[in-house]
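Starting off, we have a lone chain in the form predicted alone, written out as structure tokens.
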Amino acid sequence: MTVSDRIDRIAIDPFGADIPGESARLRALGPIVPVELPGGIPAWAPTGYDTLKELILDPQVSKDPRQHWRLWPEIAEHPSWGWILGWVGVVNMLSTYGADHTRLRKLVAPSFTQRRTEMMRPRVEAITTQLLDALDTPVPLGEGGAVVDLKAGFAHPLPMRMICELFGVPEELREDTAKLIAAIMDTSDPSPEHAAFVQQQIGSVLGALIAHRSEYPGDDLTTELIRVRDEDGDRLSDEELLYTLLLVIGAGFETTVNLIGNAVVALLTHPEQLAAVRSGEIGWDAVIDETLRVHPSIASLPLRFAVSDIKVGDVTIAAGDAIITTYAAAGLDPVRYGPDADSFDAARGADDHLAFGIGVHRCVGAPLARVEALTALPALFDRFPDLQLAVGEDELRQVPSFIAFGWQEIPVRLRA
């Protein structure tokens, strides 16, 4: 059976209100399930760790819709599909295959090596200290001590400032850049108007960045990519430059925002594990890995495509069908992680998670994300040892997205 057989499909919640519950319900239906993404886009959803890993590593699975998505020519006929263009209607590492993917990755990857990332550590530490100092003087809200939004005051600005400095984003463009990425991540509105706004903002905001750095070159990665385009246009076209910036800037901060925020919430709702971490019984690396397993910053990523027919159990994914990469489902798979797979356990040692991808598709920014989280989390809990959530865990609101996995706000009291 294939998507084109018009079999019944499970509609994915565009708000991502209960990603773990949805993953469990899909898993009960089999290793790969026909689903419907916002706007009615048909796709396949792997429901377990092994299935997802095999598909990611399969050379017969492509990221290029122009070559391998059977429905690509029909997008214009479906106004409610326009939102997907921010993900597959671009030309960067996220939407290329084979030699094109290798070429684009080689342009960016050297800037995110472990060695170069280590050179950024002092700057990460300095920004972390500045943000913690600013948090130390909050505006009181209500009774029981001052309440602050830890996402807005700490988890968001740290990676945002780092990636903007790295890519030379001027101060006047940073707020618009953050709004652009948030709009792309928001999958709750598949309207043509929202899709048109996103496309307009990509050209406007990132076009302004390219224009600024073309006129005022600096010691930053945008300037370096512009130089590559200008000196060797065969390696990077105008379109590829624009959309490569979209990918690396967006992925370079938005995912780390959720990593830091999700780790804080997990530890605050598991005080016994927080105590074990603070005593040194559990390391911060283990906290980060378990956070990425249970609450991956990207829950599901659209889209990949079958180059040829692919068998998964008794199901055939037909050539040209779309597949989503379901990192949240993989991390919560009880076959891989046991019957308590849906529980946060920092002592688990889950460094085999797929949240950063795997193989040639592993996230090039993973070392920087880890350095930022390994700096931010210990510093936060050292500065505020009595940190606590100011609301119940059930009152936290997931960002409106089936792609991103994180909280809209994280209200906390810094001191008891």
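Residues carry their position along the shown sequence, with the first being 1. On a predicted model such as this, the values are computed, not experimentally measured, just so you know.
Omitted from view is the form predicted in complex with protoporphyrin IX containing FE, to which the following refers.
Enquirer: Within 4.5 Å of protoporphyrin IX containing FE in the predicted complex, heavy atoms considered, which of A266, V248, A341, L209?
Expert: The residue in contact is V248.
Enquirer: Of the options L71, L301, A183, A146, which one has a non-hydrogen atom that comes within 4.5 Å of protoporphyrin IX containing FE in the predicted complex?
Expert: Going through each option in turn, the one that passes is L301.
Enquirer: So which of 25-33, 383-391, 349-357, 39-47 is the stretch with heavy atoms within 4.5 Å of protoporphyrin IX containing FE in the predicted complex?
Expert: Careful reading of the contacts points to 349-357.
Enquirer: Would you please decide whether R174 lies within 4.5 angstroms of protoporphyrin IX containing FE in the predicted complex, comparing each non-hydrogen atom pair?
Expert: Output for R174 is no: heavy atoms all beyond 4.5 Å of protoporphyrin IX containing FE.
Enquirer: Does protoporphyrin IX containing FE come within 4.5 Å of any heavy atom of F112 in the predicted complex?
Expert: Because a heavy atom of F112 falls inside 4.5 Å of protoporphyrin IX containing FE in the predicted complex, the answer is yes.
Enquirer: Evaluate A376 for contact with protoporphyrin IX containing FE in the predicted complex, applying a 4.5 angstroms cut-off between non-hydrogen atoms, and reply yes or no.
Expert: Looking in the predicted complex, residue contacts with protoporphyrin IX containing FE do not include A376, since no heavy atom lies within 4.5 Å.
Enquirer: Is V371 close enough to protoporphyrin IX containing FE in the predicted complex to count, meaning some heavy atom within 4.5 Å?
Expert: V371: no contact with protoporphyrin IX containing FE in the predicted complex.
Enquirer: For the heavy atom contacts within 4.5 Å of protoporphyrin IX containing FE in the predicted complex, list the residues of 251-269 involved, in sequence order.
Expert: Contacting residues: A251, G252, T255, T256, L259.
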